[in-house]
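In the form predicted on its own, a lone chain appears below as structure tokens.
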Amino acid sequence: MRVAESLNRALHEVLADDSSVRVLGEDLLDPYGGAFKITKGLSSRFPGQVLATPISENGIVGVAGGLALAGGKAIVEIMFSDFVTLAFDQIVNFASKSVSMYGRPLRLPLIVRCPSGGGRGYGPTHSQSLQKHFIGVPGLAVYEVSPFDDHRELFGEMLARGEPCLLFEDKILYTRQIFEDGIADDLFRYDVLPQAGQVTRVYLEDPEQADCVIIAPGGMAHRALAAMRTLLLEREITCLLLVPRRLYPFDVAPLSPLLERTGAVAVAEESTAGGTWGAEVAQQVHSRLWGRLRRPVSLVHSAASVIPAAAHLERDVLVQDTAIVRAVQELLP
């Protein structure tokens, strides 16, 4: 099953299980079913729970936040995550604060889905990874879709938090197959560390044995796996990949034994450098393990540039598996 199909099935199950959930967004109704078909079939099966809206991201999120604050549950689809900046005020100044600023805790179960990332030639305003702009906001949780995840469980976890959540969905994953039964490919296996907030652990043979740890969110999974394959076959370097489900809040404490064992840590993300999620993770790792690392944590980002539409230029700007390979080699000279 492809990631897009898995997300679509998960939404069908969420609406079937809970009649208080509403899905809002632009062009969601059948037969179109959303720009990437993640909401396909929902409006036909649940006509009273799917609301097509005008083109007004700030208005959509504001209505959804009010609906959630009044006792319902809301899932918003932003057509391209680049447009979530238009709803920044409703997310940061209204929804995230509303769970705590009225003198008593209030529930506000809201998910804002954000199709993100490049690799499809959509150009500067339709290809960004804007996760970093929402890291560190009190009352706001940030998640990223992974091909390792149970997506029905993921939606359930976010709605159960009772606070607004942003879910970034790397568009390049939509056509990829989800990983199942603990098998990533012919070389690597995976399991999940529930005590670490559902972090997926991808390893060669023994998760306790690796030369380096790579921490990367779900959209980077295939590039990280390609880098791990190259490092193994060409350099005999084994890597352990950690893929967190929730980017913020994120606590590295449960992962510390794994990181300390190798003493070499690289964080890879598609955002451009500067004030990123990866920098937040690196700061936490340094605070806990400084003196027990071989070298400072290595950060892998996209180039400091807008994202071109031309395929060859876009490839030069976005993080590739070769950049992860270089980062790991620099950690292990």
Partner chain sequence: MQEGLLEKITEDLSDDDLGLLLLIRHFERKLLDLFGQGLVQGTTHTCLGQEYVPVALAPLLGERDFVFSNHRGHGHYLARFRDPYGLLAEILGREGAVCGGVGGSQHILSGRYLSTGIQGESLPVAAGVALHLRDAEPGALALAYVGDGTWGQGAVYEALNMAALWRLPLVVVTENNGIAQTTPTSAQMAGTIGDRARAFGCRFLHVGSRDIGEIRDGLRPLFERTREGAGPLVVEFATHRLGPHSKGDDTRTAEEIRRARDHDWYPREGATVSPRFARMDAEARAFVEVVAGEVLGRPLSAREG
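Positions refer to the first chain, counted from 1. Remember, predicted model here, so these are calculated numbers, not experimental data.
The following text describes the form predicted together with its partner chain, which does not appear among the structures shown.
S.K.: Its partner chain isn't shown here, but in the predicted bound form, which of 200-208, 94-102, 187-195, 155-163 has heavy atoms within 4.5 Å of it?
M.R.: Stretch with heavy atoms near the partner: 94-102.
S.K.: Do Gly59 and its partner chain share at least one heavy atom pair within 4.5 Å in the predicted bound form?
M.R.: Judged by the heavy-atom cut-off of 4.5 Å, Gly59 is in contact with its partner chain in the predicted bound form.
S.K.: With the partner left out here, check for me: in the predicted bound form, does some heavy atom of Gly274 sit within 4.5 Å of its partner chain?
M.R.: Output for Gly274 is no: heavy atoms all beyond 4.5 Å of its partner chain.
S.K.: With the partner left out of view, is Thr53 within 4.5 angstroms of its partner chain in the predicted bound form by any non-hydrogen atom?
M.R.: Yes.
S.K.: Can you check whether Ala70 is within 4.5 Å of its partner chain in the predicted bound form, heavy atom basis?
M.R.: Although its partner chain is absent here, Ala70 would touch it in the predicted bound form, with heavy atoms inside 4.5 Å.
S.K.: Pick from Ser127, Gln90, Ser146, Gln131: which has a non-hydrogen atom within 4.5 Å of its partner chain in the predicted bound form?
M.R.: Checking each option against its partner chain in the predicted bound form, the one that comes within 4.5 Å is Gln90.
S.K.: Consider the chain as shown here, without its partner, and state which of Val63, Leu289, Ala279, Leu29 has a heavy atom within 4.5 Å of its partner chain in the predicted bound form.
M.R.: So the residue touching its partner chain in the predicted bound form, by this definition, is Val63.
S.K.: Which residues within 313-332 place at least one heavy atom within 4.5 Å of its partner chain in the predicted bound form?
M.R.: Contacting residues: none.
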